[in-house]
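The chain below stands alone and is given as structure tokens, in the form predicted on its own.
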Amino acid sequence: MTSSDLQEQLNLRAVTLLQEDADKIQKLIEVQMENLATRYCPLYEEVLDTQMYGFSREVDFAVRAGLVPEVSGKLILSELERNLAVLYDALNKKAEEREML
């Protein structure tokens, strides 16, 4: 196995691991969206924020270590951030609806 083959395998593994972690966070977002109508849990938001921060550090490390191209890392992170923004927007709208009642 050549060093370029090894580097390619490491890069693929890093992207796979990042995507697996992103999928876990996405699942948390989806669960909260599904439960939006039934309950509001500020602790859940804290967990999501903490997970997102940790994930952003993972991406940063992988990019700085040369395991993941910066554009790939930013793409994965920005998709999660967009989904999280949709969730927070829905939570805010739900809170506004409660205040009107």
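Numbers follow the displayed sequence, beginning with 1. Keep in mind the model is a prediction, meaning the values are calculated, not measured.
Although not depicted, the form predicted together with another copy of the chain is the subject of the following passage.
Q: Spell out, yes or no, whether the shortest heavy atom distance between residue 17 and another copy of the chain in the predicted complex is within 4.5 Å.
A: Within the cut-off, so yes.
Q: In the predicted complex, does residue 72 come within 4.5 Å of another copy of the chain, counting heavy atoms only?
A: It does not: once another copy of the chain is placed as it appears in the predicted complex, residue 72 has no heavy atom within 4.5 Å of it.
Q: Residue 65: heavy atom within 4.5 Å of another copy of the chain in the predicted complex?
A: Residue-level check for residue 65: yes, a contact with another copy of the chain.
Q: Would you please decide whether residue 13 lies within 4.5 angstroms of another copy of the chain in the predicted complex, comparing each non-hydrogen atom pair?
A: The answer is yes: residue 13 has a heavy atom within 4.5 Å of another copy of the chain.
Q: Can you name the residues of 1-35 that have a non-hydrogen atom within 4.5 angstroms of another copy of the chain in the predicted complex?
A: The stretch 1-35, when checked against another copy of the chain in the predicted complex, contributes 1, 2, 3, 6, 7, 10, 13, 14, 17, 18, 21 at the 4.5 Å heavy-atom cut-off.
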